[in-house]
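The data below hold one chain only, encoded as structure tokens and taken in the form predicted on its own.
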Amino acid sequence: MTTQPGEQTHIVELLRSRRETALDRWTELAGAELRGRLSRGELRGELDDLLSLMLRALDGPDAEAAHDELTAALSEMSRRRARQAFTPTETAFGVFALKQVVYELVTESGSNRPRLTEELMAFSHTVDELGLLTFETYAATREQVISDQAEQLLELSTPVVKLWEGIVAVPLVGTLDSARTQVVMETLLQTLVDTGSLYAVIDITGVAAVDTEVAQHLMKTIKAARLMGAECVISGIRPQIAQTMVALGIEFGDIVSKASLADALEYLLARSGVRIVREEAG
């Protein structure tokens, strides 16, 4: 906080002498914005702790330590709100509402103390700083939550399934970009190690389009698998995608490609020495 201890003496005295009234009003204002998403008891206890730290930070023998504790408490509150899907307004308003509480206390006291206006402005600035801290912490936490969820979705959207003993497949759906390619590569390589598989099918039936960048991503994944001693087959190249690849001059070199996942499995079973015999009915 930019204000020094002792600069808001009258406001601190008011808050200490009218503490219960101030807490009740602060809880009422903050609770109205939360619309019952937090019980009154929980909210009041939370605000009670914040008020104690604020009073110490404004006018206490351990002001600096109290300020650090206050910012830590507000940051933790903001992170908790973000993880619980409260809105930024609901989170920050709980702090900003304290300005209304103090204004009402000063008005009711009828004080005409010299420099009271300066004290109110200083207190308002202090609360603004704390409110901005909660907003910034909330935003950072939400970004991290979104990033973690995106990573989890990537992992869920790139499963590796076992087709046969020694044969696994990666069915891809949607868009293949750098981030997703990295997940595909890591997941495939780990599965090859875990299962001891020597063959893998990368099925792109569900990939919307294949351009030069997507082809490069596929090549990186296949080369990485080869370094692990595994052979990869690409399946699911539709006629439209095949035409696009020819027009763009995209070549997979010595990489085997098959029209469907079934064709790829049949090819790799043969490579594994497994012979499939169709049994005639009747």
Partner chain sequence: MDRVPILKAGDVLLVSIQTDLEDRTVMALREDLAERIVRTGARGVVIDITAVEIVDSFIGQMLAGIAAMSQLLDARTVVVGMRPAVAITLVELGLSLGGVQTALDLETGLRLLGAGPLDGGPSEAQDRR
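Rigid core (definition): largest C-alpha set, two forms, superposition within 1.5 Å. All values reported here derive from a predicted model rather than from experimental measurement. Numbering follows the first chain given and starts at 1.
Below, we turn to the form predicted together with the partner chain, even though it does not appear here.
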item	value
Triplet P159, I202 and V207 all within 4.5 Å of the partner chain in the predicted complex via a heavy atom	no
Contacting member of L192, A82, V170, L98, with respect to the partner chain in the predicted complex [4.5 Å, heavy atom]	L192
Residue (of L163, M185, A122, A73) lying close to the partner chain in the predicted complex, criterion heavy atoms within 4.5 Å	M185
Residue stretch of 24 to 32, 65 to 73, 41 to 49, 224 to 232 approaching the partner chain in the predicted complex, non-hydrogen atom distance within 4.5 Å	224 to 232
4.5 angstroms heavy atom contact with the partner chain in the predicted complex for L198	yes
Contact label in the predicted complex: R56 to the partner chain, heavy atom within 4.5 Å	no
Core-aligned CA displacement of G45 at least 2 Å between this form and the one not shown	no
After fitting the core, L58 CA displacement of 2 Å or more between this form and the one not shown	no
Rigid core fit then L29 CA moved by 2 Å or more between this form and the one not shown	no
